[in-house]
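Have a look below at one chain only, the form predicted on its own, in structure tokens format.
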Amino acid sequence: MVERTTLRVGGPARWLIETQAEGDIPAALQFARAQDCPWFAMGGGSNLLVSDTGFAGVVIRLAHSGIIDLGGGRLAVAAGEPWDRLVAWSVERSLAGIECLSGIPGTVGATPVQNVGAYGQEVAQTIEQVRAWDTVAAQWVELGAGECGFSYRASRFNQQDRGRFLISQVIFQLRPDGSPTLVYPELADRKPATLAEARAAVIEIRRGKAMLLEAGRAESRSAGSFFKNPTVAPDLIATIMAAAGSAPPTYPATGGLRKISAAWLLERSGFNKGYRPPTGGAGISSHHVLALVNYGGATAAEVMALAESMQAAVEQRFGVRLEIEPVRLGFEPSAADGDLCG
């Protein structure tokens, strides 16, 4: 499993099955049940932390790929298709809606699970339908966007129905000849006029924050943002301001809540870019405080110890508990039986 995750840590899986077609999915699940062991579905392994002891079950790697152009901006995309390849394909054909999600690693099938988003766009804005194997009903189902329960970095696939569905295909509705989405200030300031210019700008921004996985860069041994931006009640903002002596960056969230920058909270809790514990190979990216990096020889235990110390510091100072974003496999409680990551 080490070489199949972008963090490059963790032990082996007992079994690994790679799908080459949609029909391989039910067969892989049947194999797992025959072994009476848990299963876990993964794509590119970009949002995954595997324990040092590994996973005593079946890892189903969704490798079947392909893009079918249905016309009018509608695309049917296999779960194993690399996400950024889809973004590049759509931009080349002047299909708007996911250009701001350029440079994000992983596969298409994982994007609905976490409602992947960045720089002013979320996949929920373009997903029309998700095709998945329903492990409860033992049949294929097509779920419309309204049935997916999308919210900030969440969906029914990683919340109330975690472990029930194994996604095989996603249908997107993009905008033919559309203009780029320029709501994120750092992107809007660059004034990209075309989808291609917007994609190039996003990639450059991500590269500057070491959030672009590139071969040969030590900081590419990362799972991207390790913590979600927390959402809090408005009255807690005043408490946070009093503790920090300044106002945190906040954004509107659902239910009258406010979303706070996790990076801001961490930096005011004693964690800065480039921080390295006295021992071990894990540390914080020198470009982005939210990214934890395997600088060489790190263990999963060291990554988790650093993450937990960061959580504890923010909670002690501000009363806010940061939520870890990557899926953890082989830890207790187990994340097995159905999560699809990266």
Ligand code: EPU
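Just count from 1 along the sequence shown to find any residue number. Since this is a predicted model, take the numbers as computed values, not measurements.
In what follows, reference is made to the form predicted in complex with this ligand, a form of this protein that is not presented.
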Three-residue site Arg4, Trp83 and Arg85 fully in contact with this ligand in the predicted bound form at 4.5 Å by heavy atom: no
This ligand contact at Tyr152 in the predicted bound form, heavy atom, 4.5 Å: yes
Contact test in the predicted bound form: Phe165 vs this ligand, heavy atoms, 4.5 Å: no
Touches this ligand in the predicted bound form: Arg206 (any heavy atom, 4.5 Å): yes
Heavy atom of Val289 within 4.5 Å of this ligand in the predicted bound form: yes
Answer option from Gly117, Pro192, Gly73, Gly97, heavy atom within 4.5 Å of this ligand in the predicted bound form: Gly117
Contacting member of Pro112, Pro180, Gly224, Gly106, with respect to this ligand in the predicted bound form [4.5 Å, heavy atom]: Gly224
Stretch from 157-165, 143-151, 170-178, 244-252 whose residues place a heavy atom within 4.5 Å of this ligand in the predicted bound form: 244-252
